[in-house]
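One chain follows as structure tokens, the form predicted on its own.
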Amino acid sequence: MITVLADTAQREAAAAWFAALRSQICAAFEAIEDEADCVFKDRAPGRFTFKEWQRPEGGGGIMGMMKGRVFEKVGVNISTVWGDFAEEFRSRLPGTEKSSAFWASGVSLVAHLHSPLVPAAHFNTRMISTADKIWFGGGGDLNPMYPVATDTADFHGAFKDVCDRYDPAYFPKFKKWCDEYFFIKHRGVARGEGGIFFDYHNTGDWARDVAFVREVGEAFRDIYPALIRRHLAEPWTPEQRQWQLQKRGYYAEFNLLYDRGTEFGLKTGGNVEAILMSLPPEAAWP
């Protein structure tokens, strides 16, 4: 196994891809804002604003946030951080037996739309390395207020196409992982319609693994804007909006209680504002 903390080329390549994917997704979302003359005509198309942050222990990131006429709130963040895990967190991650040192980089996205008929979505991919382990993780899941079978099938299909090019066993495994992970245990319901989720992904071929992660990102970049456009012009009712707010409440519960990315960010001294950008701008509880 490569001692990955010393492998500068791998770290730089991964971080550069996450930054490039961030830029591509932001451009795709701004294009939707430009096209959306059918909603909130009195508003100008939304644009991302970017805010850098630094982590005193090492590294930092860039928050990207947009509030527009289609996206009520969408965040697309990138970060690259390094340092030492806290002792209480160190024992829970592989490759920390000899050292608490780590390096992590990734891109994270959560989109909340004005329309309750346009599905919300989450996506992230990351690379983490410790003294003698390296792995990739992430995935994407669809969170519609009113599920549409063709949307779910196309979203899953985009990921399945990528998975099947690498290993036919990936998609059923990662889909099951997603279904089990994004489950709101205290309510006994799934957070959404699923997608894929994977972690500790290391086949021993770093170039192949990073290529897989790259294609997963490209699949999300292409399919999710297509789903938004399908439902953009559909009118909705106050009752549908109220259900959207209640579903967002469930979403917030999951992210605060169970989400591993939230915990990782907070336990490694990340930017709190960036970590909690996944929370919806407005929510309600029954």
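One-based numbering along the sequence shown. Keep in mind it's a predicted model, so treat the numbers as computed, not measured.
The next section is about a form of this same protein that is not shown, the form predicted together with a further copy of the same chain.
Visitor: Exactly one residue in 173, 165, 208, 187 has a non-hydrogen atom within 4.5 Å of a further copy of the same chain in the predicted complex; which is it?
Guide: None of the other options qualify; the answer is 187.
Visitor: So a further copy of the same chain isn't shown here. In the predicted complex, which residue out of 160, 133, 73, 201 has a non-hydrogen atom within 4.5 Å of it?
Guide: Residue within 4.5 Å of the partner: 73.
Visitor: Would you classify residue 282 as touching a further copy of the same chain in the predicted complex, given a 4.5 Å non-hydrogen atom cut-off?
Guide: The answer is yes: residue 282 has a heavy atom within 4.5 Å of a further copy of the same chain.
Visitor: Decide whether residue 247 counts as a contact residue for a further copy of the same chain in the predicted complex under a heavy atom distance cut-off of 4.5 Å.
Guide: Although a further copy of the same chain is absent here, residue 247 would stay clear of it in the predicted complex, with no heavy atoms inside 4.5 Å.
Visitor: So in the predicted complex, is a further copy of the same chain close enough to residue 67 to count as touching (4.5 Å, heavy atoms)?
Guide: The answer is yes: residue 67 has a heavy atom within 4.5 Å of a further copy of the same chain.
Visitor: My question is simply whether residue 27 lines the interface with a further copy of the same chain in the predicted complex - judged by any non-hydrogen atom within 4.5 Å.
Guide: It does not: once a further copy of the same chain is placed as it appears in the predicted complex, residue 27 has no heavy atom within 4.5 Å of it.
Visitor: Exactly one stretch in 230-238, 43-51, 253-261, 28-36 has heavy atoms within 4.5 Å of a further copy of the same chain in the predicted complex; which is it?
Guide: Result for this chain: 253-261.
Visitor: Can you list, in sequence order, the residues from 131-155 that come within 4.5 Å of a further copy of the same chain in the predicted complex, counting heavy atoms only?
Guide: The stretch does not touch the partner at all.
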